[in-house]
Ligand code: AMP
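Here's a solo chain for you in structure tokens, the form predicted alone.
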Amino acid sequence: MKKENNIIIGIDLGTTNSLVSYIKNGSPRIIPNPRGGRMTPSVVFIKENGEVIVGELAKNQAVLNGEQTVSNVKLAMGKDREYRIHDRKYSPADISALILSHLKDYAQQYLGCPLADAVITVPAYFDDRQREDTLKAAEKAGLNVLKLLNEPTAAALTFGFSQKGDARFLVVDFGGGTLDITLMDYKDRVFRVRGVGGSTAIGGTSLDRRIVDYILKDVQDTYNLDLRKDPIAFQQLTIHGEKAKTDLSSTDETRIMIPYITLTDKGPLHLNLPLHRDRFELLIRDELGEIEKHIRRTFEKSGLGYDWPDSLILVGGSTRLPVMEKLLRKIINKGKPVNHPPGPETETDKKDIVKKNINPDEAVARGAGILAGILEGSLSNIEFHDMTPHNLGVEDEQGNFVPLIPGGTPYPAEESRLFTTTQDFQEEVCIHVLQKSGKEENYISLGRFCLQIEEPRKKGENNIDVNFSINTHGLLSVSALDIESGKMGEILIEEKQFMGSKSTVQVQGAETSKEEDIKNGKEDTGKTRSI
């Protein structure tokens, strides 16, 4: 290998598949894996001797070695999940690191030089802890992340890279485990995010599960068998459920055929079940409703009309389903609620707004490569501004949410606000950092820390400057400064939990633990009071 290089790679670390890209001759290129494929399954198989297999080979043996194989690990990022394989514990970040190491290794072999710097994409709706886990995984894999890039933004970069005129577009990224929605405009070679939304609770695997449930019910009704009790049979159903969904992207009907799926008292059972696209669209009726709800909510939060976009960019394999395109066209062209599944297209529905010159499986990876090229100096004259999807703030003494950085703020960003004490001669103030999601009063406790006041005064006399800062990766740091004494406290959030759970926060090397109870926006603060 060469000893020196300035190549920065772009990585799409996906739920189902991952890709690597770089810039060659001014254009993004996908780096093929050792088997010649452009996509590498995000699957890890760990042998008894500790050897790690990643990709297609790991996926192929998953049926026989399910307990030693991990897939869809992206869905566990940021959660307190643990994988036990051969008496060893692995965190989601550990497993993701194995995938990233594999991607890095074959990219180095292909390019013939060592690699260290990378741009890695994440769902726009990933929270702070999920982004932290992604950075930890990269560090374990020996990668220096120059930027965590939101996936819809990456897809828009790919589109805008070859765009000649101005555009306003809706990017819908429906990957294996997440739904990301981004409203963005492109003018004078500048990308600007106008609105973001989505969910980490719905993805292409949600549709796969509907097919699996359909098969399980059919087998139960026909043969009185519960295939959930047979791990190998259930794994086969999962694989063939995904394949059936893929088939129905391009054909009206498919057959789910699995010979010798299990053994019964009467001999081996061979599965041969037809599935029509109409039936499938009815099976995913609830998921379609959720997707429509999140898209409409994104428009509402941004203050833009449904007819604002002039281009629609579809990202992720599941957006190939005809029903997805129909759903999105109906929303954009008419702005009316959609009956699921959507009905026949009209001439208005066929308006040419869908951009199909981008491979939906590769759009995110190519966008990561484009940003990598900008950072390494191979590309120029392209600029973009991303935004945070959540409202970020603190809880005041009355238990109310006080925003410091509203959702929709472009980052990197920094905001400060002055607070004061609420009791005479108060010796400390507690900063309770909250995230507010959606229109509902849905709060997530991101952490808490207390600042000692060296010169306590009467209430209202001490001024505390609270500072929120979001870096280029979309990660939040919070500090509080006692203006009179110059004493500062900063928070390093190790865990964040939902309402009613215990939260452990690391504050300047001292660990504290306290029961969180913000269901009604109130808490018992004892001798100290929240600002």
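No experiment lies behind these values; they were computed from the predicted model shown. The numbering used is simple: start at 1 and walk along the sequence shown.
The form predicted in complex with adenosine monophosphate (AMP) exists for this protein as well; it is not shown, and the discussion that follows is about that form.
Partner-facing stretch of 92-100, 251-259, 397-405, 318-326, counted where any non-hydrogen atom is within 4.5 angstroms of adenosine monophosphate (AMP) in the predicted bound form: It is the stretch 318-326.
In the predicted bound form, is there a heavy atom of adenosine monophosphate (AMP) that lies within 4.5 Å of any heavy atom of Thr158, even though the partner is absent here? Contact check for Thr158: no, nothing within 4.5 Å of adenosine monophosphate (AMP) in the predicted bound form.
With the cut-off set at 4.5 Å between non-hydrogen atoms, does Thr246 touch adenosine monophosphate (AMP) in the predicted bound form? Yes, Thr246 lies within 4.5 Å of adenosine monophosphate (AMP) in the predicted bound form.
Answer with yes or no whether Gly373 is in contact with adenosine monophosphate (AMP) in the predicted bound form, where contact means some heavy atom within 4.5 Å. Contact check for Gly373: no, nothing within 4.5 Å of adenosine monophosphate (AMP) in the predicted bound form.
Give a yes or no for Thr205: in the predicted bound form, does one of its heavy atoms lie within 4.5 Å of a heavy atom belonging to adenosine monophosphate (AMP)? Thr205 belongs to the contact set for adenosine monophosphate (AMP).
Which residue, Gly176, Gly198, Pro309, Gly393, has a heavy atom that falls within 4.5 Å of adenosine monophosphate (AMP) in the predicted bound form? Result of the distance check: Gly176.
Among the candidates Asp117, Asp361, Glu242, Asp127, the residue which, in the predicted bound form, approaches adenosine monophosphate (AMP) to within 4.5 Å (heavy atoms): Looking at the other structure, the residue within range turns out to be Glu242.
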